[in-house]
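Presented below, as structure tokens, is a lone chain in the form predicted alone.
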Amino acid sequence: MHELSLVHSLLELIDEQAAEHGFSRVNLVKLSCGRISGVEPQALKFAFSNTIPGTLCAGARLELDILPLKIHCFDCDREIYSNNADPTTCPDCGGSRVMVCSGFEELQLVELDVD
């Protein structure tokens, strides 16, 4: 379960930010991740809720925004947002000359609500 290692890395990042900015409690953690990043939202939430006791995030909520897949199709020369998990074809024209622009491997800490 790589979600557990993601949560450990996230908690390390939060500890670094707490040391730098002087907060002692986290109420909310907002993340965004790409649709085909390989992150399983339920597994991430489970790992988060089972890892945070005894940390600055104890009792914090986790919000996860799943970013749509954005591809550029060279066949129809358009950028298309898609909730489809297939980045190999254009959902509009069916063309196969596509490039993934976003929604792929991203996992980003977007916001912390802290005290």
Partner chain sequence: MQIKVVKNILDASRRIAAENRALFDQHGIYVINLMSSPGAGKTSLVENTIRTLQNDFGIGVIEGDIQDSYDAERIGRLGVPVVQINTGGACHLDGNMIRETFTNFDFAAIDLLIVENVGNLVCPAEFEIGENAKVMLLSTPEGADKPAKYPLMFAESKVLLINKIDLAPYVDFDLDKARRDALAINPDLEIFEISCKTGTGLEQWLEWLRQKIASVKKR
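Numbering follows the first chain given and starts at 1. Values in this document were obtained by computation on a predicted structure and should not be read as measured data. Between two forms, the rigid core is the largest collection of C-alphas that superpose within 1.5 Å.
Beyond the structure shown, there is the form predicted in complex with the partner chain, which is absent from this document and is the topic of what follows.
- Interface residue remark: Cys93 is not counted as part of the site for the partner chain in the predicted complex, having no heavy atom within 4.5 Å.
- Although the partner is absent here, Pro87 sits close enough that one of its heavy atoms falls within 4.5 Å of the partner chain in the predicted complex.
- Among residues of the shown chain, Thr55 is not one whose heavy atoms approach the partner chain to within 4.5 Å in the predicted complex.
- Residue contact check for Gly38: one or more of its heavy atoms lie within 4.5 Å of the partner chain in the predicted complex.
- In the predicted complex, Thr88, Ser96, Val98, Met99, Val100, Phe104, Glu106, Leu107, Gln108, Leu109, Val110, Glu111 are the residues of 88-111 with at least one heavy atom within 4.5 Å of the partner chain, listed from first to last.
- In the core-superposed comparison between the shown form and the other one, Cys101 has its Cα shifted by at least 2 Å.
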